[in-house]
Each structure stands twice: as structure tokens, then as C-alpha cells.
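Below sits a lone chain in C-alpha cells, taken as the form predicted on its own.
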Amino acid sequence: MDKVIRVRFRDRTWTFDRKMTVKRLLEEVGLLPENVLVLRNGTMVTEDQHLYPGDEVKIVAVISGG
């Protein structure tokens, strides 16, 4: 398993080599928590949960319409 957190959002990819919360990750990549969903290894996670090296993270934009 990789020793980095691999993060994908649209056509962008980031890697981080340290443990962090989902909230911290979103701050570092410049995304607002209310605009996205975060999946860790295929399971949705909340802002207060931790991400660890080896995790695969996918960020999905929330789209609303009316």
C-alpha cells in the first residue's frame, strides 16, 4: 500500500504524506465542505474523521438544482 493519501477531484490529484482530518484536507486543497462529498476507500466520511497514508480519497462536487 502507498505511504501517501492519494486525493482525486475532477481532473486534479494531490498526495499527502501525513495523517489529517477531512476538514484539514479540504482547507489545503481550497474546497468548501458544504460543496463536496468526501469518499475514503469508497465510503463517505465526515469532516472530523481522519485520513491516513494509504487511503484513496475521492472528492465529489455536490450539485443542486431547482
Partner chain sequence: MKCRTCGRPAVINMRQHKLALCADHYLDWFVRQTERTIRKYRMFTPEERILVAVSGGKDSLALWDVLLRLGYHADGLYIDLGIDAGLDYSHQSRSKAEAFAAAHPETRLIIVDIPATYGESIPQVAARTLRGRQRPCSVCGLVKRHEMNRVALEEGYDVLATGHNLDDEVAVLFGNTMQWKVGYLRRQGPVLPADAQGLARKVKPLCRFYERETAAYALLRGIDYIYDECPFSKGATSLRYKALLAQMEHRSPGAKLHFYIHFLKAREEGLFCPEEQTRPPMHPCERCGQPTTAPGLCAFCRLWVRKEEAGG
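Positions refer to the first chain, counted from 1. Everything numeric here is computed off the predicted structure, so don't read it as measured data.
Missing here is the form predicted in complex with its partner chain; even so, the following discussion is about that form.
When contacts are judged by a 4.5 Å heavy atom cut-off, V29 does not count as touching its partner chain in the predicted bound form. None of the heavy atoms of N41 is located within 4.5 Å of its partner chain in the predicted bound form.
When its partner chain is considered in the predicted bound form, V4 lies well away from it, no heavy atom lying within 4.5 Å.
In the predicted bound form, its partner chain stays beyond 4.5 Å of every heavy atom belonging to T15.
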